[in-house]
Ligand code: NIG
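A lone chain, given as structure tokens: the form predicted on its own.
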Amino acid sequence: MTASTVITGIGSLVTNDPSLSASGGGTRGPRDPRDLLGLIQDAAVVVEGDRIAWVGESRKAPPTDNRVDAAGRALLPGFVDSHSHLVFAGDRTEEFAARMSGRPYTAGGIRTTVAATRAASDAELSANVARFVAEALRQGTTTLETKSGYGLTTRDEVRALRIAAEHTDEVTYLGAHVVAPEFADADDAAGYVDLVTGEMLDACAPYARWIDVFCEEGAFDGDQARTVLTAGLARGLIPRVHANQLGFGPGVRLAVELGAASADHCAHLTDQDVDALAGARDTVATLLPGAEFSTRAVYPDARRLLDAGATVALSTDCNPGSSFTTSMPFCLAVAVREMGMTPDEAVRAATYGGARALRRTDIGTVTPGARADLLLLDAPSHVHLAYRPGVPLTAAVWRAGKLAYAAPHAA
């Protein structure tokens, strides 16, 4: 029989199911319509195997085989990082320093990482991914997506996806990151699109769930992006789009039109773009504040999207050029400070929103039947994630019901 464990004495539990704040016996009484997080005070969670079996007030918890005392700390779903670029080699410190001295960000720096990644061994690339995944886990991330895109040859894109799949189930084919140097130097973007949608796609599709394209000036225009995404759809891959990061363009509306799971970046939006995202049933607006922080660019207006009714996710965009962070707490704090989000909205976007962006219903909530991915904070409330920026607040992390990390200081 599967052993059961109760985590009890939770000061504040984020369930992401607003109905549970009342039905679970929380202290708010009738459900507050502003309650995005389904908060339960003095709560308990029962875990059986890799699933959540019960949530509610501590005093109502059923008997279990094991007991963990949260000692008044806050518990929330593990973070869902739905956009990262972890399969790479090399370092772009000099580029970052130059940018902080006034040089603007462009997509051109990707070439530097492409050269280093092609030269690296499989073992080196896999070790890098493992290091970043472990780093993210220590900060509460229990699910992450990652992409290819730093190989840009059929061989290197395949090995990037194969290596990514060793570390996560959420793998994205991004052959259309930028035009490969060999084709760009020959002014043959059309030839590269043919490769990405032909031989490269055929080789890469078995290793990926998603297909992505950088739809931006300096990368791929709207027509090229459409060609890439429709080819991926025909091979059973689900679209994602790097959209409207560096300027206004067709990326967001193309993502909505093709039913992409997410339009990512969304820093430059027209009213029509916002309306399209608000009306989209399946397309999440994924915001990546680490990129704006690291490039000194204008932050996305999350308030505008949320007020329009769009579903919003937060993610790290971890990559060596424009957002070299694995820290979802950092991104959450920046979103609250710079993008008009409340702490509740930011926590929901970093958990439930990320799950929506990956079309997952088994993660991003603390509800019966969900996977037991849990983050225990060394703090009494989730608000401390924004209230105490830069402070390591992770006390413990469970992934699929197993204790995956425990902070030495959180005994």
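Residue indices: 1-based, along the sequence shown. If you're wondering where the values come from, they're calculated on a predicted model, not measured in any experiment.
There is another form of the same protein, the form predicted together with this ligand; it is not shown, and what comes next is about it.
Here the chain is shown alone; which of T311, S322, Q139, N244 has a heavy atom within 4.5 Å of this ligand in the predicted complex? When this ligand is considered in the predicted complex, the option within 4.5 Å is S322.
Indicate whether this ligand has at least one heavy atom within 4.5 Å of a heavy atom of F214 in the predicted complex. Taking the distances in the predicted complex, the answer for F214 is yes, it comes within 4.5 Å of this ligand.
Test of understanding: in the predicted complex, would V193 fall inside 4.5 Å of this ligand by heavy atoms? No, V193 stays farther than 4.5 Å from this ligand in the predicted complex.
Give a yes or no for F79: in the predicted complex, does one of its heavy atoms lie within 4.5 Å of a heavy atom belonging to this ligand? No, F79 is distant from the partner.
H177 within 4.5 Å of this ligand in the predicted complex, heavy atoms: Yes, contact at 4.5 Å.
Using a 4.5 Å heavy atom cut-off, which of 182 to 190, 81 to 89, 119 to 127, 266 to 274 contacts this ligand in the predicted complex? Only one stretch qualifies here: 81 to 89.
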